[in-house]
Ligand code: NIG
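One chain comes next, on its own, written as structure tokens: the form predicted alone.
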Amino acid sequence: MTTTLWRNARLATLAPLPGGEPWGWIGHGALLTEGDTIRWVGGEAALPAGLQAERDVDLGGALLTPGLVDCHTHLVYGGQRAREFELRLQGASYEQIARAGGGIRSTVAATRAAGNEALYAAARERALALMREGVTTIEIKSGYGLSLEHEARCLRVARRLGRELPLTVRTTCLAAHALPPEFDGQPDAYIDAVCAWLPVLHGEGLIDAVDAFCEAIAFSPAQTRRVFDAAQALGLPVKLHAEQLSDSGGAALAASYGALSCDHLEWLSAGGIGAMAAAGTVAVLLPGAFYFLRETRLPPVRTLRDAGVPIAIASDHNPGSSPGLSLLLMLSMGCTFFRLTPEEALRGATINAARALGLTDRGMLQAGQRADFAAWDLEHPNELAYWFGRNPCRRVVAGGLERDA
């Protein structure tokens, strides 16, 4: 395995350091990688005597951070929903559009009509846009197929992205996203079908986790519980779209299953926060959807913070409620809308986002961690949440291998 010394950089390691430096800051630092693993991190003046590396890379004083992790996306789909954007501007609500046959159902129709190569090509371009901003790990949810055949197609496209791009892809089955037209008026029968699909999809190696949309316009807590029971029987971790439009008690339900994350959370209650804190469940905030749907109710960030619930930030890229492809913009929005600190926002798109995917081998610059990191043309990490509309990413290393930013 090739050993590489990456030196002459300012490091925001986000790792605990003696003295408790904010950001895990090392002002003039270096790191040594061996293959896909970080072997040493520290001040350049403290490099071990006699250290020999096959490659020596001068980073020119760049800011170095862990590679970014986008822990909530719906990247594989057909079509777009710009017309619905206009309708919302004219006063229609998200719920009204969904109940009139728009919303998720319109994307399901477009996704089912798209060929495999078309789905892959479109998803690949979206993934590349995120990668150019330093993203090295991404979660991709299904949920726009809503049949065994089409859910499997979307999950296979996601797996292919992970094979063919220098990007870690984690897949989540979100078949319990909406009621497809062939199950009109039969939500319980559809949940029966979803529970029957899970062993098939899992047997094909297509699922890393299981998600559901627990909301009045989607599925009830009781129906969500049945999906989670099926996932648990397969040994699959769960996640939940929870408390986005109302307080359904979904977060507490998900936490009772040891959920990796609960996502959205604008209507999260104190009881839900307590349950998440006790379970170690990550709160994934999605400022892109908050912005695009013009929501006004803020997620309870201060209470989450006080309770010690880890907070992550993600793009929620999807065609209906968050069609953005910039995780850096989400950092800025997370600070501006939700009053996160810039350090909280960066941790939310690195170590806490990795935790929301069940990954403990990335998110910090620390010996033993995966060699995923990004070099930025910035002076200080607080600038990652300060600038928007530009991409300061200079170079990206994923699994120890440099890729085009």
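Don't overthink the numbering: it's just position in the shown sequence, from 1. The structure displayed is predicted, hence computed values, not measured ones.
The form predicted in complex with N-(iminomethyl)-L-glutamic acid (NIG) exists for this protein as well; it is not shown, and the discussion that follows is about that form.
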- Message: Only one of 198 to 206, 248 to 256, 115 to 123, 319 to 327 has heavy atoms within 4.5 Å of N-(iminomethyl)-L-glutamic acid (NIG) in the model of the complex; I'd like to know which.
- Response: 319 to 327
- Task: Select from the listed residues 309, 104, 333, 231 the one whose heavy atoms reach within 4.5 Å of N-(iminomethyl)-L-glutamic acid (NIG) in the model of the complex.
- Result: 104
- Of 153, 226, 81, 160, which one comes within 4.5 Å of N-(iminomethyl)-L-glutamic acid (NIG) in the model of the complex, counting heavy atoms only? 81
- Using heavy atoms and a 4.5 Å cut-off, decide whether 10, 25 and 65 all contact N-(iminomethyl)-L-glutamic acid (NIG) in the model of the complex. no
- Contact of residue 267 with N-(iminomethyl)-L-glutamic acid (NIG) in the model of the complex (heavy atom, 4.5 Å): no
- Do residue 183 and N-(iminomethyl)-L-glutamic acid (NIG) share at least one heavy atom pair within 4.5 Å in the model of the complex? no
- Message: Considering non-hydrogen atoms and a 4.5 Å limit, does N-(iminomethyl)-L-glutamic acid (NIG) approach residue 72 in the model of the complex?
- Response: yes
- Task: Give a yes/no on whether residue 190 approaches N-(iminomethyl)-L-glutamic acid (NIG) to within 4.5 Å in the model of the complex, heavy atoms considered.
- Result: no
- Though the partner is not shown here, which residues of 221 to 241 have a heavy atom within 4.5 Å of N-(iminomethyl)-L-glutamic acid (NIG) in the model of the complex? 241
